[in-house]
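Next up: just one chain, as structure tokens, the form predicted alone.
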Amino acid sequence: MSLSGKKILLGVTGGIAAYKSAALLREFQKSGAELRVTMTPSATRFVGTETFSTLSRTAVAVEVFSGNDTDDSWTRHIHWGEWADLMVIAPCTANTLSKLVHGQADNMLTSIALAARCPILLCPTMDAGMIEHPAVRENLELADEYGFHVMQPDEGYLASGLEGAGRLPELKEIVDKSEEIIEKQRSGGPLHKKKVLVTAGPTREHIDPVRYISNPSSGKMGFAMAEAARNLGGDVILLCGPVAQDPPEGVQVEKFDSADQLFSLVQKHADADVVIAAAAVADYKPAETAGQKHKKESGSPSVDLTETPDSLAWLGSRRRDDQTLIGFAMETENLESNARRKLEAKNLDWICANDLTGEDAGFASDQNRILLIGKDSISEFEGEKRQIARQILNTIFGEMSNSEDSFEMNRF
């Protein structure tokens, strides 16, 4: 397994082994992972933030409050904690270890660690005498009890000139352990061994060979839902309309152009355990498609329209008791009431509604605002589409499990 497409948050604390963290970042990138870096203030005494920001191509987070950051920088620990598939703290000093197991959050790294909804891998690295101290040993036991993944340090020549346990493990070993944790998380997810069907992107309803009725859907939200379902262990089939971006890794992709083609594919995969219908399907299509391009000199054409097949309504009318149907509704007015009507009319379990007129919530944006509406509940999410997708599925399948405690234990 590789880490292709995985999002890893690298935490760097103030030990001499911090210089190795830059090379570790590169090893993660070679495995296909996307990296963000957070450092403790002490770590910047060993390696400058510019090194990590250049390598990760993202600003490094150090302090929760900083006058040089954007106005929302103080909430970054929440957004980054939601963003990551795995947080790796390497090196992890005795000081940071103590803060993590005792719930302290006095810098960005420890704040993110408390807010993270993903597994956390600790690589304790310090002098042999420190790591054998009873307080440190007790903190390591607490870390294990709280569900952190802890790699035992290597033995060898230390910065103090002494020899013993306390060295950062080999970089490949850290990468291999990270892959193992993510794979275990996936296989233990609430969608493990479930067939998940996701639709994404627009349809094109052709008037003639060169003209069609469509919409500006980018497929980004549907792709984010497919990625989130995959990360929760689902066997994902992504039905993809004509879009420019590449689909996420690790999902089966089948393409469609028109609503009729999408309907045929939905019928083919109607046995899915979970259906997430995020495609922007045209409601109408030309009653007839001209075989040749209509010439301008022939005069203004008149196009008669007819309804396209409603794939989600078809599924809702034939649904199994153990099937979960999740729809999407984009509205320009009366968002909640219109979405609830669709929820009932199509016999869905959930509907994700967003307002097309909202700022940073349009088709091509990486951001979104979603009202997740169930038959007896409503939740609101705002932020990056990939983050929202994860929150949606965590809410749905955490609630369906009727065991919030057992679901949240998947965090580590």
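Quick caveat, the model's predicted, so the values are computed rather than measured. Just count from 1 along the sequence shown to find any residue number. Think of the rigid core as the biggest set of C-alphas that the two forms share within 1.5 Å after superposition.
This protein has a second form, the form predicted in complex with ligand CTP, left out of what is shown; the following refers to that one.
In the predicted complex, no residue of the candidate spot (Lys99, Pro119 and Glu138) has a heavy atom lying within 4.5 Å of ligand CTP. Contact with ligand CTP in the predicted complex, judged by any heavy atom within 4.5 Å, is made by just one of Leu191, Ala84, Val281, Ile237: Val281. The single contact residue among Ala270, Met330, Ile207, Ile131, judged by any heavy atom lying within 4.5 Å of ligand CTP in the predicted complex, is Met330. Partner proximity in the predicted complex, defined as non-hydrogen atoms within 4.5 angstroms of ligand CTP, places exactly one of 222-230, 321-329, 107-115, 169-177 at the interface: 321-329. Although the partner is absent here, His294 sits far enough away that none of its heavy atoms falls within 4.5 Å of ligand CTP in the predicted complex.
The closest non-hydrogen atom of Lys346 lies within 4.5 Å of ligand CTP in the predicted complex.
Ligand CTP in the predicted complex is not approached by Ser217, whose heavy atoms all lie more than 4.5 angstroms from it.
Taking the partner from elsewhere, Ser311 is found to have a heavy atom lying within 4.5 Å of ligand CTP in the predicted complex. For Met330, the Cα coordinates differ by 2 angstroms or more between the shown form and the other one after the core has been superposed.
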